[in-house]
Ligand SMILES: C[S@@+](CC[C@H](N)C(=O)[O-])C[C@H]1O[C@@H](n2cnc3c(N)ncnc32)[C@H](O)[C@@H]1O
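Single chain ahead, written as structure tokens, the form predicted on its own.
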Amino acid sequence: MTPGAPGAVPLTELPLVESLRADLDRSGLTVEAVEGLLGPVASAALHREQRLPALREVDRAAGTGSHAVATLVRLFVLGGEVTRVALDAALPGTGTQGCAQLGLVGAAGQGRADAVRARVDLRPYAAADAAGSVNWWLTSDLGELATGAAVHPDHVLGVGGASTTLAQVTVRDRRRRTLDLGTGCGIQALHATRHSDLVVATDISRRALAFTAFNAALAGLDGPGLDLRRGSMLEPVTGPLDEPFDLVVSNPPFVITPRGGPGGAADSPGVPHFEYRDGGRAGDDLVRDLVQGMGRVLAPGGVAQLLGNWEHRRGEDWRERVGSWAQASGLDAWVVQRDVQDPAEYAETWLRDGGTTAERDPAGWEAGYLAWLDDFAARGVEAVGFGFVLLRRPSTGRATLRRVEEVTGPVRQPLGAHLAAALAGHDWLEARDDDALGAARLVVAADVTEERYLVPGAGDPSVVLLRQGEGFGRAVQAGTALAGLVGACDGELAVGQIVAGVAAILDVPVVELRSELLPQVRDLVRDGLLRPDTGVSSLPDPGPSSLTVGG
């Protein structure tokens, strides 16, 4: 079998997988070790899909006797040849023979100096989510950098930026049943096994499910708590009796690929189709249908989190368009747009992702580029948004959360705990009218700082910013009254008492100031800058409790 050819998947033979896990642990193949081996220059080049600097560094390391990590990186990450004796030394318990039996490598012969080539990508993975840190090894198909050829239509993608983002934004409180929709190499399912009694992982690709099974076994997370099912989108868990889940995560095939047939029913000629990214739907219909249909599989209180793209169409506000999907779902919904590309940028991104470049295939590049532009023009698409959607079935009553916003600046990952706290804050506010809010005691969140900007020589600041250090890193410009109120939120006084004190200092009617400040207080609680006082807070002292307004 040709290394990296379609059909090359690892085989889950448990004794050998356990031996491989022990070997990898002894080898020291970690993310930190790989970064230390390559150094900053070669690592940066590798992120730009340039492998020569990395090959140079691993060959230098192998020459100094640091052979195990260098051998494994050369073989499984960079797609280079190694000798049989070198792989036997790097993985002594499994050896070349065991790796070949698992479907990980192909060997030219039995001689010590015979060449060995990887059939799959295998690399360390380290991440932090709301449940803590993880360190695993993951397999996937070899990429274009390792093979020097375009990937196949049934390519199983490894962990990329989108996968990492989803893992970090996912809420991680204890769940009974979790669904990983479109599992790919299984990374979201692995994260979910740590806080779920049962994880159902689905994919349309048999090869993807084989990689998921192997990766779960390699991480020691396989067993009755992981259920793998083949099928498209929600089909494996819907039917006469829809299955309820407490958490759904999905990095679906959301790429908007030109569809050239009648009614967008077929792929445009010359535009490659890949299972991991192309859902076979026109425009952004796949994401729309997922959002609108997610209620079928969410249990009361259940949360769904998915990545997606959506079109910005001429004459239509994208917020209203995507917001209508949320409205149709009947669920609580929070949509966050993180990036926007124009149609040309989008076409270039996904042409390169599929291995088509103007240098390598000028005709294919031109045909694909024009197909994308024509497809967008047919629907009046002016831009494409990237982001994530959080949906929740209320435990009781009707949906009350409708939030569609754009947050393009840096965020503090992992974001999952912040999103969970924001949902709790929303529920807390929904249960309280203004009188109840006025009777509540609030504290400033531990990550919030105050910035004051003064004109030289002035006694009072011209601008006061309340800046969030965690979560979305929001910055809120506060007027004199709001800044004074926030400064006094240490849990000692109720909000209404603080408003009355600020009104007395500013010599304004309490009723007018209350009507001005309470909506702003709600916004600060909703965004996590203020939090209800639980009486057991470990927050640092936000400042003196006396009311100081102005300089």
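Since the structure is predicted, the reported quantities are computational estimates derived from the model, not experimental observations. Note that residue numbering begins at 1 and tracks the sequence as displayed.
From this point on, the text means the form predicted in complex with the named molecule, which you will not see here.
- When the named molecule is considered in the predicted complex, Gly182 lines it closely, a heavy atom lying within 4.5 Å.
- Mapping the unseen interface onto this chain, Ser163 counts among the residues with a heavy atom inside 4.5 Å of the named molecule in the predicted complex.
- Interface membership of Tyr276, defined by any non-hydrogen atom within 4.5 Å of the named molecule in the predicted complex, is confirmed.
- Looking at Thr400, you'd find every heavy atom of it more than 4.5 angstroms from the named molecule in the predicted complex.
- Partner contact region in the predicted complex: 226 to 234, out of 226 to 234, 80 to 88, 425 to 433, 96 to 104, criterion any non-hydrogen atom within 4.5 Å of the named molecule.
- Shown without its partner, this chain lists Ala208, Val291, Ala118, Val199 as candidates; in the predicted complex, only Ala208 has a non-hydrogen atom within 4.5 angstroms of the named molecule.
- Between the named molecule and the residues Thr170, Asn215, Thr178, Gln188, the one pair within 4.5 Å by heavy atoms in the predicted complex involves Gln188.
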